[in-house]
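So this first bit is one chain, no partners, the form predicted on its own, shown in structure tokens.
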Amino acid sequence: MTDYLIKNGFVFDPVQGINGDKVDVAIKDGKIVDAGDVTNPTVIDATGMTVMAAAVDIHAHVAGPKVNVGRNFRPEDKLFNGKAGSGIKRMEGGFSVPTVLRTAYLYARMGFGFSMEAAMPPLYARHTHEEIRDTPIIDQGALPVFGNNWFVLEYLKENEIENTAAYIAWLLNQTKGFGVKCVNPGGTESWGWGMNCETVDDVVPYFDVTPRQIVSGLIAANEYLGLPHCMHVHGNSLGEPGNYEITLDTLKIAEGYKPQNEFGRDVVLHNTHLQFHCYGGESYASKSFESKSKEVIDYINSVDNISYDLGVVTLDETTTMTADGPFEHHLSHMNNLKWANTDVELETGSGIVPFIYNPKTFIAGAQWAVGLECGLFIKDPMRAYITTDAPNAGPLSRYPRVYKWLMSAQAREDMLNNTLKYGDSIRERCYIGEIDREISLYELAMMTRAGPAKTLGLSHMFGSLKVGLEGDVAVYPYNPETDTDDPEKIEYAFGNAAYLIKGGRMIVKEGEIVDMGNKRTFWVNAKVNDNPMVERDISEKFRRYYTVTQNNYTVEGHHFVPNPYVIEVDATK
């Protein structure tokens, strides 16, 4: 394997406290090493460029059944977004729901090395892994959904944490999953009765359990197992005016819980796409709706065991998709566009609706503002991560545009003054006009690399250029000394990496993709003590309710996960 030495670049690595210093970065046998440890390396001259560890995406929807339904559902999404293959690249297509190949190419061009598929229905784990397998270059994992799972609802009704943990361990093994995802806890199951859980104390029909019990129980079970990642929640009443109080209620459930793990993770709850959960008011009208981002972030700033990602609205036409079935039903009635929905037996549900975040409307502009506020109010950027909840708030390809808005007050002012029709109303109903903070490159490295790697329990591999970590390095054509005059340079640079080295292999060279890498699928094998009760329950549910047998449920490693990276966890002690 080729040795590399990246010289003369401006390096940003918060883990090591390197803030724009010119430091040589060396890679040998796929790992970061001291510069003196490489022999006859290929030298990359990064003069005038920014050097960071490859980025880590903690939350995106890029593989699995709902993504594929989105592709089939919206042929228009590919109409003007196809590109013929060239060199080693094959044809790529799609804007909001790109093909697996375009997904990989986009990540590479943006300098990413790892991505987490944020919601995997266990019954369709095989499909999810087939798409992950076919997405080259980037390492990936997937989070199975648990918040409406019949086993979990029944165990947590009786506060059976050990049984819940045993079931989680079994399901992670069966689905080759990475951690615990919880979407609209109890709400999707309630929707089977035409209802929803709109607060943390609503009761799920038949199961007689509340979202508060589900969130609390899943945090406890997660820490009982000592999983690398914390419990990852999409709370109740997503997108509803006035929902910030429910968000605060959800976050406060984590009070009293401490992280128990061997991976350096220091939070117990990750609230995803927080933008959708920070709304005040009683309607979407400009005279009622208001941002409550400050109130929510003030609470997060007051504690130390919660992280979140932003979910910034990018003001595009996109394709929403979520396991929050009742929300998608609600959304479809707002815009009267296409709507697809499904129930996943015993486990979860899902919906898909196209959506246009029109900058000529008040509410889309207000949502844009709230998302940015969530990134600008944080005191500790190691706990706030930049996402668009792709594709829900915006396409994956818009990450660099979000960086621009966060890093440049001038770019935000330009949006408020020249792009958003209701800029004055947005200033009045949101905080965006009062904020002059600009995220620095050092903070950007926290919010896109060091922070998400730590919360995923992967800081021993990713997120830094520390000796011994994976040889994942991105070089961007951005000079922090001379390119600060034009915010457009930020968006261009972070969407067009000059170099990406992944696992010691040159993936992007002088802006061109030249290698498909050695992609791995990460999953967690959690060992627990034998639990005859849970084993009996699983066997009984498959016999009585599932339409498949256990033999047709398991994700077999060789076909679906041909190049695994297994993280072992021992919860038997």
Partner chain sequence: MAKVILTPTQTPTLFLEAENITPDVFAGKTAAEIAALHGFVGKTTVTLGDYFKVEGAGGQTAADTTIVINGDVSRVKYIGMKMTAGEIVVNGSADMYVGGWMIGGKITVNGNIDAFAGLGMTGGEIIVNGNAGNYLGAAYRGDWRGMQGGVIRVSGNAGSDVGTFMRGGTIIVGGNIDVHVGTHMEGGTIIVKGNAKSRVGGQMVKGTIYVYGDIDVMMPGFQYRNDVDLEVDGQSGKFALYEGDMGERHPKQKGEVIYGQLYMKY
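Positions refer to the first chain, counted from 1. Predicted, not measured: the structure shown is a model, and the values here were computed from it.
What comes next is about the form predicted together with its partner chain, which does not appear here.
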Margin query: Given a 4.5 Å cut-off on heavy atoms, tell me which of 151-159, 439-447, 498-506, 78-86 is the interface stretch with its partner chain in the predicted complex.
Written below: 78-86
Check: Of the residues 317, 245, 414, 130, which one places a heavy atom within 4.5 Å of its partner chain in the predicted complex?
Finding: 317
Margin query: Considering non-hydrogen atoms and a 4.5 Å limit, which listed residue (91, 467, 356, 285) is close to its partner chain in the predicted complex?
Written below: 356
Check: Would residue 74 sit within 4.5 Å of its partner chain in the predicted complex, counting heavy atoms only?
Finding: yes
Check: Should residue 336 be classed as touching its partner chain in the predicted complex when contacts are defined as heavy atoms within 4.5 Å?
Finding: yes
